[in-house]
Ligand code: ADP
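Below you'll find only one chain, the form predicted on its own, shown as structure tokens.
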């Protein structure tokens, strides 16, 4: 390994030369306490930044082994250190140093959710931060002195401040790791308690604004408190400094398995509660207010999605007998309607093994959710191909064991099929189950159930590998994430605007490469989509997200991936414009 003096000499030698001369500094350098690995140098100052790694041996980092003693703690600590590196960059890096991206230093760190990331790796032997840096230039000429200051002075300072126990805030680091470990321990208890989700007493669910996921200020927020009839107590692994926690126990509202309605007037917190529950599939940072809102990991948000592509999905439990004899047991469309898209979204979630469906009437197709008695009287069933969700929702639970949590503010017919009714009033939950059942008896509906056939198990589907083309131009693999919502897979855009449980663009980026991995390794013409995404999940568990890179691109460290769930990976596959599917018993 070379020394810091070797790097300084190389930079001096290339000063003022063309930008490609920076290729001479690729390699590894020992700065004494920290190692700098320059894995890939960008082609010009306007290209994607260069890829570097900062590595500290644990003898210098000295992070207590207890903070990374198991997988959950290791993921949490790595996420925490990535945030510390980001803060240190803001303090230590000068920023703009010339043309294009010159002087830019970046690390992929998170927001309110804590995710498994590739940005920081913690082992028993070392701690490593994977960063991107724009090497300084004027025009397309090397600025060696600026590069020397950035690489030889600023980066070691960042490593010292953000990656050594000496400099880290000990109490904050421990609280962060222990909070995430507590949340995952609660998640492991949900099935045994018969719950889909847990919302802790004292949680703060409202957000700062519609454009911000940060919590509402403490002096404006109403702390959550469970109704007595729904209060449960969960065990914690680590004590919490909170009035609602007693030693290693925490109380809060349990959302039971079955069919749960969230009702109430407008602006009283119905959708806010559901939003917290849908985001509760991830742990949250301390201080978010939702760090102890914990949802079953297999809960899936469902909505209508006008215009989405659907490929050979059996939506016949909800839509059948279309005009002109069009079949729906392998429904395909390049421009699905609200009702057919929502039916497809449900069946795709069930196909993958979802434990719960999360719906909000505001983002659902009205004709998919219910047909009231008056509409049934006017439009007879023989002329209506849709079996509304109200007539299947409890059957989905009774037959498949899949629960539903549904925000409903405008249709009391759902009182007849609900097991639990939570009414939000001024952001406070009230158990309204008994009142709702009494209302249902007093004001009986005249509507008739419209299910013609019992609900059948989901039909598996087999994706065909030759319908996945990741090439673009001369590049055999060209995959880009365009923010949170779009993947450009080869030349094909995948629209993920309505995959509402995606929370980070680095998840979206990982999904693109996970699809490529799946197509290359697991799509053999007979493996079902559910088994394909399960196989990808297992690979992540066994090999980490590093397996997603470099795909034939030597030196490209995978520092900007975070882990998506299998449901969002499948959502992207299902929306790929070129996707072709066949049933598992077919030969073509």
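Here the structure is a predicted model, which is why all the values come from computation and not from measurement. Residue numbers count along the first chain shown, from 1.
One more form of this protein, predicted together with the named molecule, exists but is not displayed; see below.
Novice: Any chance all of 339, 377 and 385 sit within 4.5 Å of the named molecule in the predicted complex, going by non-hydrogen atoms?
Specialist: The answer is no; none of 339, 377 and 385 reaches the named molecule.
Novice: If you check 488, 221, 465, 458 against the named molecule in the predicted complex, which one has a heavy atom within 4.5 Å?
Specialist: Among 488, 221, 465, 458, a heavy atom within 4.5 Å of the named molecule in the predicted complex occurs only for 221.
Novice: Please identify the residue among 95, 266, 139, 454 with any heavy atom within 4.5 Å of the named molecule in the predicted complex.
Specialist: The option sitting close enough to the partner is 266.
Novice: Does the named molecule get within 4.5 angstroms of any non-hydrogen atom of residue 363 in the predicted complex?
Specialist: Contact check for residue 363: no, nothing within 4.5 Å of the named molecule in the predicted complex.
Novice: Counting only non-hydrogen atoms and a 4.5 angstroms cut-off, does residue 430 reach the named molecule in the predicted complex?
Specialist: Residue-level check for residue 430: no, no contact with the named molecule.
Novice: Is it the case that residue 333, even though its partner is missing from this view, gets within 4.5 Å of the named molecule in the predicted complex, heavy atoms only?
Specialist: Contact check for residue 333: no, nothing within 4.5 Å of the named molecule in the predicted complex.
Novice: If we define contact as a non-hydrogen atom of the residue within 4.5 angstroms of the partner, is residue 270 a contact of the named molecule in the predicted complex?
Specialist: Judged by the heavy-atom cut-off of 4.5 Å, residue 270 is in contact with the named molecule in the predicted complex.
Novice: Given that the partner is absent here, state which listed stretch (443-451, 118-126, 212-220, 290-298) has heavy atoms within 4.5 Å of the named molecule in the predicted complex.
Specialist: Of the options given, it is 212-220.
Novice: Who in 1-36 is close to the named molecule in the predicted complex, meaning a heavy atom within 4.5 Å?
Specialist: Residues within 4.5 Å: none in this stretch.
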